[in-house]
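First, one chain by itself in structure tokens, the form predicted alone.
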Amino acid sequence: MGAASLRIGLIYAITGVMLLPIVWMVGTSLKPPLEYVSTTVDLIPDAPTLAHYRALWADDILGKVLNSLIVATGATLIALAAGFPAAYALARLRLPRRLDGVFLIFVLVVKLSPPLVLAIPLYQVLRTIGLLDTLPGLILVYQVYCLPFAIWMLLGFVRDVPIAYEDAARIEGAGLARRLATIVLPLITPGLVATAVFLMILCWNEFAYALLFIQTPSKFTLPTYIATLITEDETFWGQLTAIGFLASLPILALVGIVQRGLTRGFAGGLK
């Protein structure tokens, strides 16, 4: 009984430590400026105010949230649609001269490259096709991050699908499209969910390319808008904490909705 109580107490303590920054952020977002710049540490504001949230509303914060949702969702769907066939080909096809390993290393190098290395060629491409300073252009640019991640992550899930299942379906006369639709995709659905969540988070927080390729304020995503709240003369801490709290809600809602599939995806990936 003592050991169980100790474990429960430890869990509560760790949870409290993890929640402390969130409580501090929410409390600061409700404080007037004179309170959050004071030297005393108070988690609960003495005179709560919604002024910071009203300032964000007046600055069209919903438009920035919508832009981030459009870009993150579009980039995630494209990465999954292109990453799954690539992962399946790498897992099932025998490429000559170890081209599968070379290809995986190549996409990994692209993923790990600093954003500025690819910024100039990407800028030229977007300007040529007329997608510079547009959300569709930003969705395409995000594939530099998303597609390599999707390929690497989905590769493990595809390899976990026993090839005997596909061999049996092939004997029954099922073609490739039918095998993918009825066998492979249903079995790796938790993996797709887990990959999608990671891709959404990756796109939701991306800053460098959004800053480089979007110049119109009405098209800003949340990270680029947050950067405007830090100036040479002042840092708007109240609005920063308010938008930090608001920006975390969509991702938390997404994780809560797909929690079961996400857990199954992690378990499948650890087999």
Partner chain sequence: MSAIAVEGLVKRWDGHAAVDGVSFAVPEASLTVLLGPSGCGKSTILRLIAGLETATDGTVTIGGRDVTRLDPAKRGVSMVFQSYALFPHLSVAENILFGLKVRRVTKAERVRRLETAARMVGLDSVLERKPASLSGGQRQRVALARTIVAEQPVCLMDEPLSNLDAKLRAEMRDEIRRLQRALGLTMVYVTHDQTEAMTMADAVVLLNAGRIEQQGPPPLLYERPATAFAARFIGQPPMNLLRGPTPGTLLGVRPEDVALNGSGRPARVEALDYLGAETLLRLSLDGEEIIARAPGRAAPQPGDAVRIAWPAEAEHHFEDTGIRRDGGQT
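Remember, predicted model here, so these are calculated numbers, not experimental data. Residue numbers count along the first chain shown, from 1.
Although it is not shown, the form predicted together with the partner chain is what the next lines describe.
Student: Please identify the residue among A91, A168, L118, L104 with any heavy atom within 4.5 Å of the partner chain in the predicted complex.
Tutor: None of the other options qualify; the answer is A168.
Student: Just one of V109, I129, A164, A177 has a heavy atom within 4.5 angstroms of the partner chain in the predicted complex, so which one?
Tutor: Residue within 4.5 Å of the partner: A164.
Student: Is P114 close enough to the partner chain in the predicted complex to count, meaning some heavy atom within 4.5 Å?
Tutor: P114 lies outside the contact set for the partner chain.
Student: Whether I183 contacts the partner chain in the predicted complex should be assessed with a 4.5 Å heavy atom distance threshold; does it?
Tutor: Contact with the partner chain, yes.
Student: Is it the case that G173, even though its partner is missing from this view, gets within 4.5 Å of the partner chain in the predicted complex, heavy atoms only?
Tutor: Yes - in the predicted complex, heavy atoms of G173 and the partner chain come within 4.5 Å of each other.
Student: I'd like to know whether L135 contacts the partner chain in the predicted complex, with contact meaning heavy atoms within 4.5 angstroms.
Tutor: So L135 does not count as contacting the partner chain.
Student: Among 67-75, 82-90, 185-193, 137-145, which stretch sits within 4.5 Å of the partner chain in the predicted complex, heavy atoms only?
Tutor: Going through the listed ranges, the match is 185-193.
Student: Taking only heavy atoms into account, state which residues of 119-138 are within 4.5 Å of the partner chain in the predicted complex, ordered by sequence.
Tutor: Going through 119-138 in order - heavy atoms within 4.5 Å of the partner chain in the predicted complex - there are no hits.
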